[in-house]
Each structure stands twice: as structure tokens, then as C-alpha cells.
Ligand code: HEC
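Okay, so here's just one chain, in C-alpha cells, the form predicted alone.
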Amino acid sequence: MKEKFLASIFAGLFMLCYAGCTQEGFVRKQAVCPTIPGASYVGDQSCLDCHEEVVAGFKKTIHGRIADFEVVGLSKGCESCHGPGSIHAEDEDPASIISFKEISKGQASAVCSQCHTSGTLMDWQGSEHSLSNVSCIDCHRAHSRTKRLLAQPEPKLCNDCHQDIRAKTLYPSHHPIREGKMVCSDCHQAHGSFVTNLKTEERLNDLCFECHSAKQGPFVFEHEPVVENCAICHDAHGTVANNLLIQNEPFLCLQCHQFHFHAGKISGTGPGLEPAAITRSITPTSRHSFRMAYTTKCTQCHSQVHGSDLPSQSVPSQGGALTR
């Protein structure tokens, strides 16, 4: 019976993997550059005859200023992306040149990947953008003179697709994106990375600690979620709760921690009591205690939630506070 169960699990995983590999994202990884049979390279001078303004503007871009030694063995200029232009120069037929309006997104990215294969671009093929049918030309303009050849400035470029994230940045607590002090690429690597398109090759926490180094420690008494993943308690894009917390206190803390030496412990609603006994045990004092338990922030006592060199201790005056 156990063997049959394991066999069914492995069969299900195989089917999921097979279905994923047949999706457009995985198939598109095999896309190759379009070709123009029989054409040869003639140089940018031939392009000037018809596309004078385009070529003149292109010469001022980062692509147009590439030196010969930077592309050894490859053609540079217009034909490096649009393919050899001898046939197009003769018949002026748009079909005899590579037009990025006519080729697929996978082919467009394949053209860019002829040169852009180093650094962070090495991770492009396995990135979420690539597997989601996003192409280089969806975000970049090869003839542009903007920073990083972006089609639009950040964060507007990212917001066009990531509307759910844009909505979070409008919450009361958020990173200063809409104030113009941060952009998406400060934390995210759009071309892919080891950790879900984030600019870190290790843990998510290491990215957060680049700005929030005071939360890193080392501490004698560490808070386990801080060591594991900041996103356990925080949503970096924005939240309704303060300090980017995914939920208000004390409800966030009570997901992992129980009441301790707190007014909530004497609320008269402990385990083992019958409903009638609970009703009899709730006095005006205990009702007040229960309200106090759910309206008191844990950080009023535990202010160093990210870690401390002191153990968690009760407040000296708490015993008196419970009798009020």
C-alpha cells in the first residue's frame, strides 16, 4: 500500500513537471535568432539612404558607441540586431530585414542574447520574466538614450504589469517608492537571480540587512523569524499595519506566542472550564484584563523584537498593574 502511494506521488510530480515544460515559457527558451537567407552585411552607410534620422540618433546611444574591440567576431551597428541588409538595401522590402515588430518575443530576446550573456544577464533564461513570456523589448528600447535603455522610468515601467504590487505601495506603511527615494531595481533583479529575482545570492534577509543593518545583530537572544526570513512578519511592498507588519500587534505575535505573565492569563477563560463555569468566572476585573490583553502591543515590553542581549523579562510594575 505504501509503495502504491509513493508511486502515485511520483507520477503526479512527473505530470506536473511535464506540463510545466510544455508551457510557452520553456519552449521559448529554445527560440533562435531569425535569419535572412542569402543576405550579407553592407554596413550602416546603406541604412542612411532611407533611415537617416534613425541612424543619426542611434549613433548617440550606448549601442551606437560600441567600439570594434568590444565585439570581436561580431557585426556592430544596425545589422548587429536587424541582420545583414544587402537584400533589403536592394529591394527595400520590410520582409527582407529583421523587424522586431514581426518576430516573436522569444526571437527578440535571442537577438539580444547574442551579446548580452555575461553578469546578471546569464540568469535571464530561467528568470520569472522570461518564463512569463516577457521579452527584452517589453522593457527596453535599443535606440533609447535613457538610463539602462528603459522604455519608461521606474517604477512606472514595473507598475504597468505589477498592479497588485503598486496597490501595496499605496498602503499607509510602505517603502518610499512613491516618494521617489527608491525604485524597484534597488531590491529586484529583473533579469533573474538565485533568489526569486532579488538582488541577493544568499538569503532574503541579507538583502534587507544592506539597509537595515541594525536589525542583523549578532544578538545573544535571537528572534527566530529574523534569522529565518524577514517576510514572516513584514511585507516589503506595503501594509496597513505600521512598520510593514503583515498584521497588527498583538495578533501577529500570537500566531507563534501564547500569553505569558499577562492580564490575559487571568481572564477566567482557561482550558478545561465548562461554558457555564466560564460565564461564572468572568468578573468585571477579568473582562478588563481580557480587553487589556488584546489591546496591548507586545513591543511595549519587548521593544527589541529583532534580537537583544538581554533575556525576555517581566516588567517590574506589572504585578501592580494587574490589580488595578
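Quick note: we count residues from 1 along the sequence shown, nothing fancier. All of these numbers come straight from a predicted model, not from anything done at the bench.
In what follows, reference is made to the form predicted in complex with the ligand, a form of this protein that is not presented.
Chemist: Can residue 74 be called a contact residue for the ligand in the model of the complex at 4.5 Å between heavy atoms?
Modeler: Result yes; residue 74 sits at the interface with the ligand in the model of the complex.
Chemist: Though only this chain appears here, would residue 240 touch the ligand in the model of the complex if you measure heavy atom gaps against 4.5 Å?
Modeler: Residue 240: no, not in contact with the ligand in the model of the complex.
Chemist: Does the 4.5 Å heavy atom contact test between residue 104 and the ligand in the model of the complex come out positive?
Modeler: It does not: once the ligand is placed as it appears in the model of the complex, residue 104 has no heavy atom within 4.5 Å of it.
Chemist: Using a 4.5 angstroms cut-off on non-hydrogen atoms, would residue 80 count as touching the ligand in the model of the complex?
Modeler: Yes, contact at 4.5 Å.
Chemist: Going through 137-151, which residues have a heavy atom within 4.5 Å of the ligand in the model of the complex? Please give them in sequence order.
Modeler: Residues within 4.5 Å: 137, 138, 139, 140, 141, 142, 143, 147, 148, 149, 150.
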